[in-house]
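Just the one chain here, laid out as structure tokens, in the form predicted on its own.
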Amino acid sequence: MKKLLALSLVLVVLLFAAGCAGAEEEKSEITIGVVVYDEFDTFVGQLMDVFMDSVSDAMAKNGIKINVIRQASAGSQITQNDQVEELIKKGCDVVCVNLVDRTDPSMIIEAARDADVPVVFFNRELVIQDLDSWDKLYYVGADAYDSGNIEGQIVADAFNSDESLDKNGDGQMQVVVLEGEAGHQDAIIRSEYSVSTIMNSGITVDKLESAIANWKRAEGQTKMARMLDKYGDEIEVVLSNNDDMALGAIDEYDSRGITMDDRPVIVGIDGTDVGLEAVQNGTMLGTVYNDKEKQGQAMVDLAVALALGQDPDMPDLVDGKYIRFPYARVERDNVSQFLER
């Protein structure tokens, strides 16, 4: 009898454990925390719109309730660290983070690892050693090298096919560059590779100046005003690390009443709605489309799988860590297909 009683108790414990495991696997509700570096960044804002639409689709597809808690860090890594810790304390099953400082994710990683909460970093790629420091860290974004190459190719092809763009006829391209943040990987890569691609196409580049405008339209206009005062009509090309700064340059030319014929070629990156409209109306030669639709969807698919404790076996997941989608070249002849997305 004692043996039968002991055996019965063991079976009860095993059945209870199995029941708990089954309940855990069959979650009916999850919570995703999302933190962005700056709520006013145009591209990040549009990416978040796609993300939220994808969350709605995921609820219908998976038959679960998905709560999303969103925060913005106002450009402060210290603030972001505190926000992530608070989201973890609130019981988020997974956290998606758009880093303020891509070189300083250590406190976020430590807090997440201590609580065993997976992290999906996005848009601002952290250093590979940091991403490899724990097996529940992931990255969703694009390849900054491609964006710089494509931007440079748009300009190079235009100059090689239209001699009138060499306004002073000196056989060189006089260029100014509007850069994102100082020391930011994407800003450095986009600036370097856009110029080197132009040079590799056989065009001599005379880089007049570069100016940090922190991804912002207003700062782009301010820096363009200063360079325009200094160089005037010497400027033949404005290479911008993103659409907003390029639009700031356009704003400055508009404010001075300078006609399109007397303006330089202006090119951006990201393919934001306002950037695409500028390409369509001809004020911007082109932009480089950063695929927010695929990135937003991938973030949700990955976050939901992780929150449900599933193996994130996704076709675009490389080395078990990275999901990157290619950029696309956008000019006036194909801009409509991107405006329709």
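We number the residues from 1 along the sequence you see. Since the model is a prediction, treat every value here as computed from it, not as a measurement.
There is also a form predicted together with beta-D-glucopyranose; it is not shown, and the following applies to it.
Visitor: Could you tell me which stretch in 167 to 175, 184 to 192, 259 to 267, 86 to 94 has residues with non-hydrogen atoms within 4.5 Å of beta-D-glucopyranose in the predicted complex?
Guide: The contacting stretch is 184 to 192.
Visitor: Taking the shortest heavy atom distance, is residue 73 within 4.5 Å of beta-D-glucopyranose in the predicted complex?
Guide: Contact check for residue 73: no, nothing within 4.5 Å of beta-D-glucopyranose in the predicted complex.
Visitor: Could you confirm whether residue 289 comes within 4.5 Å of beta-D-glucopyranose in the predicted complex, counting heavy atoms only?
Guide: Residue 289: no contact with beta-D-glucopyranose in the predicted complex.
Visitor: Given that the partner is absent here, does residue 217 sit within 4.5 Å of beta-D-glucopyranose in the predicted complex, heavy atoms only?
Guide: No - in the predicted complex, heavy atoms of residue 217 and beta-D-glucopyranose never come within 4.5 Å of each other.
Visitor: With heavy atoms only and a cut-off of 4.5 Å, decide whether residue 51 touches beta-D-glucopyranose in the predicted complex.
Guide: Residue 51 lies outside the contact set for beta-D-glucopyranose.
Visitor: Any residue of 31 to 49 with a heavy atom within 4.5 Å of beta-D-glucopyranose in the predicted complex counts; write them all down in order.
Guide: Sequence-ordered list: 37, 41, 43, 44.
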